[in-house]
Each structure stands twice: as C-alpha cells, then as structure tokens.
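Only one chain is included here, represented as structure tokens and corresponding to the form predicted on its own.
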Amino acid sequence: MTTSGSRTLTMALMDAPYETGTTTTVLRIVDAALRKGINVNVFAYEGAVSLTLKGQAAHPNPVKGTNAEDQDHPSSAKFISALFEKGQEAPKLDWVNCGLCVDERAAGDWIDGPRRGGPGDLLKWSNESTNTLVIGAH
C-alpha cells in the first residue's frame, strides 16, 4: 500500500512504438498523472521495451513533401525523456524495461531513465500502488 498520503499509479505496457495509438495514450496518461502530483511506475514488456531506444530517428514525410527536420516527427524516446524530466523529483517516474524482453529483441540501448528489471517489479509495484492499469496488446 502507499504510505504518507502519496498516490502511485502503476502501468504495464506491451505495445511497440507506432503500432497503435495505445502507446501515445499511455504516455499522455503518465504525463497527466505526473502533472497531478501522482507518482508513476511503468513496466514495459514485449515490444514496449523499444519505446525507450536511444537510436530512434526522425523521418521525412514524402506525402507532405517535408524533410525530417520540417516534419519534426516526435519519437517515443523523446516523449519519454520529457516525462523523466517531469518525474525526477516528486512526483517520481520509475520505468522498468523487462530484461527478458530486452534480451530477445536486442533492445538495450536506452535513453537515460529506464532501468532493467523483471516481472517481480510489476508485482511489487502493483502491491504498493494506489492503482494498477495493464494495457494489453491489440
């Protein structure tokens, strides 16, 4: 359970970047919770471990006739980096990438912030959180 009146939301996320609108929605929920002073834990597993990959690159949009700079396509890694800036102190953002999932995808070159963990982290967080939200794949 939570202590000293703090609230914590734990989220489990499985979708890879850009596959569905789910990831964007989850990141917006994380942002909203942090803005409201709620601590957030994110457990990324399966394809979601790729959300924090450092090497994500912007791309052009030939349909619109824009280059990569003009298009300014946001990467999930940039979005998550901004969330870590918000969640450095209080409220706090903690993000775990499932190590098993990372290894099978060779997805270990992350932005600053996430850490390696496993299903035990999700169990611990769920037991300690005000609420837990599990976002399955589509």
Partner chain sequence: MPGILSIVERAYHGTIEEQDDTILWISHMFKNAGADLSVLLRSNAVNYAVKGQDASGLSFGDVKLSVPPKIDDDVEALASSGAKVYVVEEDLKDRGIGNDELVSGISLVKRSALAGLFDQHDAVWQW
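Numbering follows the first chain given and starts at 1. Keep in mind that what you see is a predicted model, and the values were worked out from it rather than measured.
Here the subject shifts to the form predicted together with the partner chain, a form of this protein not shown in this document.
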Could you confirm whether residue 104 comes within 4.5 Å of the partner chain in the predicted complex, counting heavy atoms only?
-> yes
Should residue 45 be counted as a contact of the partner chain in the predicted complex, where contact means heavy atoms within 4.5 Å?
-> yes
Consider residue 58 of the chain shown here, and say whether it contacts the partner chain in the predicted complex, taking contact as heavy atoms within 4.5 Å.
-> no
Answer yes if any heavy atom of residue 68 is within 4.5 Å of a heavy atom of the partner chain in the predicted complex; otherwise answer no.
-> no
119, 123 and 132 each touching the partner chain in the predicted complex (heavy atom, 4.5 Å) = yes
Which one, 58 to 66, 78 to 86, 45 to 53, 107 to 115, holds residues whose non-hydrogen atoms are within 4.5 Å of the partner chain in the predicted complex?
-> 45 to 53
Taking only heavy atoms into account, state which residues of 53 to 86 are within 4.5 Å of the partner chain in the predicted complex, ordered by sequence.
-> none
